[in-house]
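In the block that follows, a single chain appears as structure tokens, in the form predicted alone.
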Amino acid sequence: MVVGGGITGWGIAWILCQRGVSVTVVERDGVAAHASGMAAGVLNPLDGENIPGPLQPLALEGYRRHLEWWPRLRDETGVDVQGRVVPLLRVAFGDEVETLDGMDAMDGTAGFSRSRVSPSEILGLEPSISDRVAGGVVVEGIGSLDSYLLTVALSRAAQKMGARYVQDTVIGLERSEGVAAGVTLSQQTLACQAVVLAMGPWSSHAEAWLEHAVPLYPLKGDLLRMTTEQPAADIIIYHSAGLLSRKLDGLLWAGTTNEEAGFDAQPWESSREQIVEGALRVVPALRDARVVRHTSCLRPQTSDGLPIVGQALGWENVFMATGAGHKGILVAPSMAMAAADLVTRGRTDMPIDGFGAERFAGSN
């Protein structure tokens, strides 16, 4: 049983089906109904929370598996996830330029390059950027995709291989001597031999079932999709207030915000204003852009900024794969592989040391 119909849950199901395991995926709201369907879809394993740092090995594994998954899923399902490798341009204005110091230094990671660029070089790459730009860094080798299409492709691939999909609410686990014998839904209990919890921020609701802490909270992020011809270059732009990324459907995606607002997933007008203000500072021509969709998603964020991947405390056959925050789409393939390995082999070669639930033992 896999609980959660996002990218990680369906990735786990797909891998398990390939290994001959009978899989049921239980999801309350629908395939990719939350963060997996509304994320910006930028795959950057070089920077971010705990990168460089303890998350980077798992991020690099996730990135490499993304590149393997895209053509295979297209062949198996006919779904093009719009995956491609593009440059990323990080721009700075005024005193922000000091934050670029050292960012052009590479750590030897194969397949990527970074270089410092001057204001004139930036305007040569993308003339629509404000001429007030003070400097930047170009990173070659960053991934971009549509996370909704990827999740849909994974669900179709898994179901083609026999995975069962049940849309219902999980309210508990049936336990016998440290073993989960079934997953209790709103109207029935489904028997199982193993359970993987991949419920995003709702994984915290499993504390009552597991009887141990799952310190996860929802980190809200709003995103705008706009029609505009600017910027024209096929490049991801990072700035101090967010990002700009043109997708293959022609829309420019702008975002994202970070708000602790509980489980309120409604888009906020204040977030829209914040995103637009930041985008206009970078590309003034965007004042003529038209917002065609405003979405909001809840990312699963842990108290230490690292995912929870491993065996649930006190359970022989319950596992967790959740909590990767901003890097959830990026690390989903490696988290899925780790969870599938633990279910079928009891071990994994994925770099998940230090990501287990045991680090929260004793938490309230």
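These numbers were taken from a predicted model, which means no experiment stands behind them. Residue numbers here begin at 1 and follow the sequence given.
The form predicted in complex with a small molecule exists for this protein as well; it is not shown, and the discussion that follows is about that form.
Which listed residue (Leu60, Leu306, Ile51, Val26) meets the criterion of a heavy atom within 4.5 Å of the small molecule in the predicted bound form? If I apply the 4.5 Å criterion carefully, the residue I get is Val26.
Identify which of Leu55, Ala40, Ala338, Ala312 has a heavy atom within 4.5 Å of the small molecule in the predicted bound form; exactly one of them does. Contact check passes for Ala40.
Quick check for you: of 133-141, 199-207, 277-285, 74-82, which stretch puts a non-hydrogen atom within 4.5 Å of the small molecule in the predicted bound form? Looking at the other structure, the answer is 199-207.
With the distance limit set at 4.5 angstroms and only heavy atoms considered, check whether Gly221, Cys297 and Ile329 all reach the small molecule in the predicted bound form. Per the other structure, all of Gly221, Cys297 and Ile329 touch the small molecule.
Indicate whether the small molecule has at least one heavy atom within 4.5 Å of a heavy atom of Ala35 in the predicted bound form. Ala35: contacts the small molecule in the predicted bound form.
Any of the heavy atoms of Thr256 lying within 4.5 Å of the small molecule in the predicted bound form? Thr256: contacts the small molecule in the predicted bound form.
Classify Val3 as contacting or not contacting the small molecule in the predicted bound form by the rule of any non-hydrogen atom within 4.5 angstroms, answering yes or no. Yes, Val3 sits close enough to the small molecule in the predicted bound form that at least one of its heavy atoms falls within 4.5 Å.
The small molecule contact in the predicted bound form: Ser115, any heavy atom under 4.5 Å: Outside the cut-off, so no.
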